[in-house]
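Read the single chain below, which is given as C-alpha coordinates and is the form predicted on its own.
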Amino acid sequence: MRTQVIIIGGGPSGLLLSQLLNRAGVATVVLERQSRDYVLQRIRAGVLERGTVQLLHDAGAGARMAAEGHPHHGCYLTQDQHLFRVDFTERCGHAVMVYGQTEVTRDLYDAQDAIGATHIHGVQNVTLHDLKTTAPSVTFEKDGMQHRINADFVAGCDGFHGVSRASIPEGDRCEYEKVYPFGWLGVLSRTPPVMDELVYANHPRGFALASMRNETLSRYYIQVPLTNRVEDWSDDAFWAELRARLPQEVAERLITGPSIEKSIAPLRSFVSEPMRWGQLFLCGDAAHIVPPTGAKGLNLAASDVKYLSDGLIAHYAGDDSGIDGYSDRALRRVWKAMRFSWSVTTMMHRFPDQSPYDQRMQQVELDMLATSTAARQVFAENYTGHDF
(Lines give C-alpha, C1' and ligand atoms only; values in the text may rest on other atoms or scores of the structure.)
Protein backbone atom coordinates (compact mmCIF):
# COMPACT_ATOMS: atom_id res chain seq x y z
CA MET A 1 0.00 0.00 0.00
CA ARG A 2 1.13 3.54 -0.68
CA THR A 3 -0.12 6.93 0.50
CA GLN A 4 1.25 10.45 0.83
CA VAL A 5 1.08 10.83 4.63
CA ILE A 6 0.87 8.05 7.20
CA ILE A 7 -0.68 9.24 10.46
CA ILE A 8 0.14 7.18 13.55
CA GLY A 9 -2.66 7.59 16.08
CA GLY A 10 -6.41 7.99 15.61
CA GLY A 11 -7.15 10.42 18.42
CA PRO A 12 -8.35 13.98 17.81
CA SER A 13 -5.00 15.28 16.52
CA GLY A 14 -4.58 12.43 14.02
CA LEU A 15 -8.19 12.69 12.86
CA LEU A 16 -8.01 16.47 12.50
CA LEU A 17 -4.77 16.28 10.51
CA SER A 18 -6.25 13.61 8.22
CA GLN A 19 -9.39 15.68 7.71
CA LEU A 20 -7.54 18.87 6.79
CA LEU A 21 -5.13 17.07 4.45
CA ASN A 22 -7.78 15.05 2.65
CA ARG A 23 -9.94 18.12 2.10
CA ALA A 24 -6.91 19.68 0.37
CA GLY A 25 -6.33 16.61 -1.81
CA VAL A 26 -3.48 15.06 0.21
CA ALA A 27 -4.02 11.31 0.76
CA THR A 28 -3.57 9.81 4.23
CA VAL A 29 -3.83 6.51 6.08
CA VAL A 30 -4.54 6.64 9.83
CA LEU A 31 -3.25 3.77 11.97
CA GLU A 32 -4.77 3.29 15.44
CA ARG A 33 -3.97 0.61 18.01
CA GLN A 34 -7.39 0.71 19.69
CA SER A 35 -10.91 0.25 18.33
CA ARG A 36 -13.03 3.24 17.41
CA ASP A 37 -15.36 2.52 20.35
CA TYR A 38 -12.40 2.57 22.74
CA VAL A 39 -11.16 5.89 21.37
CA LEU A 40 -14.63 7.39 21.80
CA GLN A 41 -14.79 6.28 25.44
CA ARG A 42 -11.76 8.32 26.49
CA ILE A 43 -12.69 11.09 28.92
CA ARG A 44 -10.63 14.23 28.39
CA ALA A 45 -10.80 17.97 28.91
CA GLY A 46 -13.20 20.07 26.90
CA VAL A 47 -12.07 23.72 26.93
CA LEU A 48 -11.33 24.83 23.36
CA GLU A 49 -9.41 27.98 22.46
CA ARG A 50 -10.74 30.25 19.75
CA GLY A 51 -8.08 28.95 17.32
CA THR A 52 -9.15 25.35 17.88
CA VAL A 53 -12.80 26.29 17.35
CA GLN A 54 -11.95 27.98 14.05
CA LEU A 55 -9.81 25.05 12.91
CA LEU A 56 -12.67 22.60 13.50
CA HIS A 57 -14.91 24.78 11.37
CA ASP A 58 -12.18 24.91 8.70
CA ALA A 59 -12.11 21.11 8.76
CA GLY A 60 -15.86 20.88 8.22
CA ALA A 61 -16.36 19.39 11.69
CA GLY A 62 -17.67 22.33 13.69
CA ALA A 63 -21.44 22.37 13.11
CA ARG A 64 -22.48 20.33 16.16
CA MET A 65 -20.00 22.17 18.35
CA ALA A 66 -21.53 25.48 17.26
CA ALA A 67 -25.02 24.18 18.09
CA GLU A 68 -24.29 22.31 21.34
CA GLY A 69 -21.09 23.85 22.73
CA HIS A 70 -21.05 26.41 25.51
CA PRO A 71 -19.08 29.64 24.97
CA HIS A 72 -17.49 30.81 28.22
CA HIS A 73 -16.55 34.45 28.52
CA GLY A 74 -14.66 34.11 31.79
CA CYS A 75 -13.79 31.88 34.73
CA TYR A 76 -13.82 32.08 38.53
CA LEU A 77 -10.89 31.74 40.92
CA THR A 78 -10.75 31.79 44.70
CA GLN A 79 -8.57 33.87 46.99
CA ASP A 80 -8.84 33.01 50.70
CA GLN A 81 -12.21 31.39 49.97
CA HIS A 82 -13.45 34.54 48.26
CA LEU A 83 -14.65 34.16 44.69
CA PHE A 84 -13.60 36.53 41.91
CA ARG A 85 -14.02 36.42 38.14
CA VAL A 86 -11.71 37.05 35.21
CA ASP A 87 -13.76 38.33 32.26
CA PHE A 88 -12.07 37.11 29.07
CA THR A 89 -14.19 39.12 26.66
CA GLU A 90 -13.71 42.34 28.59
CA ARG A 91 -9.97 41.87 29.01
CA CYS A 92 -8.94 40.54 25.56
CA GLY A 93 -12.04 40.38 23.37
CA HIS A 94 -12.16 36.57 23.13
CA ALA A 95 -13.89 33.58 24.72
CA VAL A 96 -13.41 29.80 24.94
CA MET A 97 -15.77 26.99 24.00
CA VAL A 98 -16.65 24.22 26.47
CA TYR A 99 -17.20 21.11 24.35
CA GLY A 100 -15.93 17.69 25.41
CA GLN A 101 -12.98 16.10 23.65
CA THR A 102 -15.05 12.95 23.20
CA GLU A 103 -17.54 15.00 21.20
CA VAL A 104 -14.75 16.58 19.14
CA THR A 105 -13.45 13.09 18.33
CA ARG A 106 -16.93 11.87 17.39
CA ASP A 107 -17.43 14.85 15.06
CA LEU A 108 -14.07 14.24 13.41
CA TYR A 109 -14.84 10.55 12.88
CA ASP A 110 -18.14 11.52 11.25
CA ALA A 111 -16.36 14.05 9.03
CA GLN A 112 -13.75 11.45 8.06
CA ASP A 113 -16.45 8.93 7.20
CA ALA A 114 -18.19 11.52 5.02
CA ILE A 115 -15.10 11.98 2.84
CA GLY A 116 -14.11 8.30 2.83
CA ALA A 117 -10.80 8.67 4.68
CA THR A 118 -8.79 5.49 5.30
CA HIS A 119 -8.49 4.28 8.91
CA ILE A 120 -7.01 1.00 10.09
CA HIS A 121 -7.87 0.11 13.69
CA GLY A 122 -6.47 -2.68 15.84
CA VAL A 123 -2.90 -2.44 14.55
CA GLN A 124 -0.01 -3.89 16.56
CA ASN A 125 3.79 -3.77 16.51
CA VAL A 126 3.93 -0.56 14.50
CA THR A 127 7.48 0.19 13.33
CA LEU A 128 8.74 3.24 11.43
CA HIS A 129 11.44 2.76 8.78
CA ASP A 130 13.83 4.91 6.71
CA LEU A 131 12.71 8.18 8.24
CA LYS A 132 15.87 9.97 7.14
CA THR A 133 15.25 9.09 3.48
CA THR A 134 12.71 10.40 0.99
CA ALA A 135 10.92 7.04 1.05
CA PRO A 136 9.84 6.26 4.64
CA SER A 137 7.53 3.37 5.42
CA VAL A 138 5.59 1.89 8.30
CA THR A 139 5.07 -1.78 9.05
CA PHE A 140 2.44 -3.20 11.38
CA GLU A 141 0.49 -6.32 12.22
CA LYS A 142 -3.26 -6.62 11.77
CA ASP A 143 -5.23 -9.82 12.44
CA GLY A 144 -1.99 -11.81 12.51
CA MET A 145 -0.83 -10.52 9.12
CA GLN A 146 2.18 -8.27 8.43
CA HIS A 147 1.56 -5.10 6.38
CA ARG A 148 3.69 -2.29 4.97
CA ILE A 149 2.68 1.20 3.86
CA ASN A 150 5.06 3.39 1.87
CA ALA A 151 4.66 7.17 2.03
CA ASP A 152 6.27 10.57 1.63
CA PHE A 153 5.88 11.57 5.28
CA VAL A 154 4.93 10.13 8.68
CA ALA A 155 2.99 12.15 11.28
CA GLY A 156 3.33 10.89 14.85
CA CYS A 157 0.03 11.68 16.63
CA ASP A 158 0.22 8.65 18.94
CA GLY A 159 0.62 10.26 22.33
CA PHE A 160 3.22 10.25 25.05
CA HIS A 161 3.65 6.46 25.09
CA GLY A 162 3.53 5.97 21.31
CA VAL A 163 6.22 4.66 18.98
CA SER A 164 6.78 7.87 17.02
CA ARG A 165 8.92 9.87 19.43
CA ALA A 166 10.77 6.69 20.43
CA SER A 167 11.72 6.26 16.75
CA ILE A 168 13.97 9.33 17.01
CA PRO A 169 17.39 8.29 18.40
CA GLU A 170 17.95 9.53 21.96
CA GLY A 171 21.03 11.42 20.84
CA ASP A 172 18.95 13.42 18.35
CA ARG A 173 16.25 14.60 20.76
CA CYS A 174 16.33 16.77 23.84
CA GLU A 175 13.67 16.21 26.49
CA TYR A 176 12.56 18.58 29.24
CA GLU A 177 10.36 17.30 32.05
CA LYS A 178 8.87 18.38 35.36
CA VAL A 179 6.85 15.81 37.30
CA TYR A 180 4.50 17.28 39.89
CA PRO A 181 4.15 15.57 43.29
CA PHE A 182 0.38 15.17 43.06
CA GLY A 183 -2.42 14.14 40.73
CA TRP A 184 -6.02 15.05 39.97
CA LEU A 185 -8.83 12.80 41.12
CA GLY A 186 -11.60 13.43 38.60
CA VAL A 187 -15.27 12.52 38.79
CA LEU A 188 -17.85 12.71 36.00
CA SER A 189 -21.47 12.85 37.15
CA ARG A 190 -24.89 13.35 35.58
CA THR A 191 -25.57 16.47 37.63
CA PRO A 192 -26.02 20.13 36.67
CA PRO A 193 -22.83 22.22 36.91
CA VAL A 194 -22.41 24.11 40.17
CA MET A 195 -21.64 27.38 38.33
CA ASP A 196 -22.09 28.76 34.83
CA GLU A 197 -18.30 28.90 34.29
CA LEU A 198 -15.28 26.99 35.57
CA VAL A 199 -14.20 27.51 39.20
CA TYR A 200 -10.50 27.16 40.12
CA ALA A 201 -10.08 26.86 43.90
CA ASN A 202 -6.89 27.32 45.91
CA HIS A 203 -7.42 25.85 49.39
CA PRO A 204 -5.13 24.79 52.26
CA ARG A 205 -6.37 21.20 51.73
CA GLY A 206 -5.40 21.33 48.05
CA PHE A 207 -6.63 22.46 44.66
CA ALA A 208 -10.15 21.85 43.34
CA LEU A 209 -11.81 22.50 39.97
CA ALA A 210 -15.49 22.64 39.14
CA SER A 211 -16.00 22.08 35.42
CA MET A 212 -18.73 20.79 33.10
CA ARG A 213 -19.51 19.11 29.80
CA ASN A 214 -23.07 20.39 29.36
CA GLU A 215 -26.15 21.45 31.37
CA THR A 216 -26.59 17.97 32.85
CA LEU A 217 -23.03 16.56 32.88
CA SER A 218 -20.42 17.86 35.32
CA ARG A 219 -16.72 17.19 35.76
CA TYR A 220 -15.03 17.86 39.10
CA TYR A 221 -11.43 17.44 40.27
CA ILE A 222 -9.51 17.55 43.52
CA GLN A 223 -5.77 17.44 44.07
CA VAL A 224 -4.61 14.18 45.69
CA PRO A 225 -1.23 12.60 46.56
CA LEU A 226 0.23 10.32 43.92
CA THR A 227 0.02 7.47 46.43
CA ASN A 228 -3.80 7.60 46.37
CA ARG A 229 -5.83 5.08 44.38
CA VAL A 230 -9.29 5.46 42.91
CA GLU A 231 -10.43 2.70 45.25
CA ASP A 232 -9.47 4.89 48.23
CA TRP A 233 -12.22 7.36 47.33
CA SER A 234 -15.91 6.59 47.67
CA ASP A 235 -18.33 9.00 45.99
CA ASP A 236 -19.37 10.35 49.39
CA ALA A 237 -15.75 11.00 50.38
CA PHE A 238 -15.09 12.80 47.11
CA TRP A 239 -18.12 15.08 47.40
CA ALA A 240 -17.29 15.91 51.02
CA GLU A 241 -13.73 16.86 50.13
CA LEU A 242 -14.82 18.89 47.12
CA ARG A 243 -17.31 20.83 49.26
CA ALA A 244 -14.61 21.57 51.81
CA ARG A 245 -12.34 23.11 49.17
CA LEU A 246 -14.91 25.22 47.34
CA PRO A 247 -15.99 28.62 48.68
CA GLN A 248 -19.11 28.33 50.83
CA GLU A 249 -21.25 30.25 48.34
CA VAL A 250 -20.33 27.66 45.67
CA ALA A 251 -20.41 24.58 47.91
CA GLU A 252 -23.97 25.37 48.99
CA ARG A 253 -25.09 25.15 45.35
CA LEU A 254 -23.40 21.80 44.66
CA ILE A 255 -25.71 18.99 43.53
CA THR A 256 -24.14 15.56 43.91
CA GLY A 257 -24.88 12.17 42.42
CA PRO A 258 -23.31 8.80 41.57
CA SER A 259 -20.07 9.00 39.62
CA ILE A 260 -20.18 7.57 36.11
CA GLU A 261 -16.40 7.79 35.70
CA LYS A 262 -13.64 8.23 38.26
CA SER A 263 -9.89 8.35 37.63
CA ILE A 264 -6.62 9.78 38.92
CA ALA A 265 -4.31 11.57 36.47
CA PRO A 266 -0.71 12.45 37.40
CA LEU A 267 0.51 15.92 36.38
CA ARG A 268 3.66 16.56 34.37
CA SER A 269 5.18 19.13 32.03
CA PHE A 270 7.13 17.58 29.14
CA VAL A 271 8.63 18.78 25.87
CA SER A 272 10.67 16.83 23.31
CA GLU A 273 12.70 18.78 20.75
CA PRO A 274 12.84 18.87 17.77
CA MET A 275 9.35 18.05 16.53
CA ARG A 276 10.68 17.01 13.11
CA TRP A 277 13.25 14.31 12.37
CA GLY A 278 13.75 13.51 8.72
CA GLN A 279 10.34 12.74 7.25
CA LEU A 280 8.75 12.25 10.69
CA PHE A 281 6.74 15.03 12.35
CA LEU A 282 5.49 14.87 15.94
CA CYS A 283 2.10 16.31 16.92
CA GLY A 284 0.36 16.76 20.24
CA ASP A 285 1.15 14.54 23.22
CA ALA A 286 3.81 12.69 21.22
CA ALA A 287 5.93 15.84 21.61
CA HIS A 288 4.59 17.63 24.67
CA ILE A 289 2.46 17.20 27.79
CA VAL A 290 1.05 20.05 29.89
CA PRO A 291 -0.70 19.94 33.26
CA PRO A 292 -4.45 20.27 32.68
CA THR A 293 -4.60 23.38 34.88
CA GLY A 294 -4.21 25.70 31.91
CA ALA A 295 -6.55 23.74 29.57
CA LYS A 296 -3.89 23.59 26.85
CA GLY A 297 -3.40 19.93 25.90
CA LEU A 298 -5.90 19.53 23.06
CA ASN A 299 -5.37 23.12 21.97
CA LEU A 300 -1.62 22.65 21.56
CA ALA A 301 -2.29 19.52 19.51
CA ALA A 302 -4.64 21.56 17.32
CA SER A 303 -2.04 24.28 16.71
CA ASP A 304 0.54 21.61 15.81
CA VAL A 305 -1.94 20.17 13.32
CA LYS A 306 -2.61 23.63 11.86
CA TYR A 307 1.10 24.29 11.27
CA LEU A 308 1.79 20.80 9.93
CA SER A 309 -1.23 20.61 7.63
CA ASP A 310 -0.42 24.04 6.19
CA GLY A 311 3.18 22.96 5.63
CA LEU A 312 2.33 19.65 3.99
CA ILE A 313 -0.32 21.17 1.74
CA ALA A 314 2.20 23.83 0.67
CA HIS A 315 4.84 21.12 0.06
CA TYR A 316 2.63 19.45 -2.54
CA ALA A 317 2.23 22.86 -4.17
CA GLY A 318 6.01 23.24 -4.39
CA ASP A 319 6.81 25.22 -1.20
CA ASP A 320 8.81 23.51 1.58
CA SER A 321 9.12 26.51 3.91
CA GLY A 322 6.22 25.32 6.07
CA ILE A 323 7.56 21.85 6.78
CA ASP A 324 11.12 23.16 7.16
CA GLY A 325 9.96 25.66 9.79
CA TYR A 326 7.37 23.40 11.44
CA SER A 327 9.33 22.41 14.53
CA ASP A 328 10.51 25.91 15.43
CA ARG A 329 7.08 27.42 14.82
CA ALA A 330 5.24 24.79 16.86
CA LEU A 331 7.72 24.89 19.74
CA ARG A 332 7.43 28.66 20.14
CA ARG A 333 3.73 28.23 20.90
CA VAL A 334 4.32 25.09 22.98
CA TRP A 335 6.70 26.86 25.35
CA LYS A 336 4.31 29.78 25.86
CA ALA A 337 1.60 27.33 26.84
CA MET A 338 4.08 25.46 29.06
CA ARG A 339 4.83 28.68 30.93
CA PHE A 340 1.15 29.49 31.43
CA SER A 341 0.21 25.96 32.57
CA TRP A 342 3.18 25.83 34.95
CA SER A 343 2.37 29.25 36.42
CA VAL A 344 -1.31 28.44 37.05
CA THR A 345 -0.40 25.02 38.48
CA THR A 346 2.14 26.61 40.81
CA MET A 347 -0.33 29.32 41.87
CA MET A 348 -3.28 27.02 42.60
CA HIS A 349 -1.87 23.82 44.14
CA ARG A 350 -0.40 22.96 47.53
CA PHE A 351 3.02 21.33 47.30
CA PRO A 352 4.33 18.87 49.94
CA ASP A 353 7.41 20.99 50.66
CA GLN A 354 5.62 24.35 50.46
CA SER A 355 6.93 26.92 52.94
CA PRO A 356 4.96 29.80 54.50
CA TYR A 357 6.82 32.07 52.06
CA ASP A 358 5.60 29.99 49.11
CA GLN A 359 2.03 30.18 50.38
CA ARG A 360 2.26 33.96 50.68
CA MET A 361 3.51 34.15 47.10
CA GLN A 362 0.44 32.19 45.97
CA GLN A 363 -1.77 34.64 47.84
CA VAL A 364 -0.02 37.59 46.21
CA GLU A 365 -0.39 36.08 42.73
CA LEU A 366 -4.11 35.57 43.30
CA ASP A 367 -4.45 39.07 44.75
CA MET A 368 -2.81 40.46 41.61
CA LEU A 369 -5.38 38.64 39.46
CA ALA A 370 -8.22 39.85 41.66
CA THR A 371 -7.16 43.51 41.68
CA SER A 372 -4.94 44.24 38.66
CA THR A 373 -6.46 44.90 35.25
CA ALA A 374 -3.10 44.18 33.61
CA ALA A 375 -2.76 40.81 35.36
CA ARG A 376 -6.28 39.79 34.33
CA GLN A 377 -5.55 40.77 30.73
CA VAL A 378 -2.42 38.61 30.60
CA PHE A 379 -4.33 35.70 32.14
CA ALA A 380 -7.23 36.11 29.70
CA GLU A 381 -4.93 36.33 26.66
CA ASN A 382 -3.15 33.13 27.67
CA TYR A 383 -6.30 31.23 28.65
CA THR A 384 -8.19 32.00 25.45
CA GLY A 385 -5.06 31.27 23.43
CA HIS A 386 -2.41 32.96 21.36
CA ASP A 387 -2.92 33.17 17.60
CA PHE A 388 -2.25 29.98 15.66
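All residue numbers refer to positions in the sequence shown, first residue = 1. Quick caveat: nothing in here was measured; it's all calculated off a predicted structure.
Another form, the form predicted in complex with a small molecule, is not on view; read the next lines as being about it.
Engineer: Consider the chain as shown here, without its partner, and state which of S259, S272, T78, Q101 has a heavy atom within 4.5 Å of the small molecule in the predicted complex.
Structural biologist: It is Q101.
Engineer: Identify, from the list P193, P136, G311, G159, the residue with a heavy atom within 4.5 Å of the small molecule in the predicted complex.
Structural biologist: None of the other options qualify; the answer is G159.
Engineer: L20, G62 and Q112: each with a heavy atom within 4.5 Å of the small molecule in the predicted complex?
Structural biologist: No.
Engineer: Considering only heavy atoms, tell me if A301 and the small molecule come within 4.5 Å of each other in the predicted complex.
Structural biologist: Yes, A301 lies within 4.5 Å of the small molecule in the predicted complex.
Engineer: Is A166 near the small molecule? Define near as a heavy atom within 4.5 Å, in the predicted complex.
Structural biologist: Outside the cut-off, so no.
Engineer: My question is simply whether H349 lines the interface with the small molecule in the predicted complex - judged by any non-hydrogen atom within 4.5 Å.
Structural biologist: Heavy-atom contact with the small molecule at 4.5 Å: absent for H349.
Engineer: Can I6 be called a contact residue for the small molecule in the predicted complex at 4.5 Å between heavy atoms?
Structural biologist: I6: no contact with the small molecule in the predicted complex.
Engineer: Look at the stretches 249-257, 235-243, 279-287, 86-94 and give the one with heavy atoms within 4.5 Å of the small molecule in the predicted complex.
Structural biologist: Result for this chain: 279-287.
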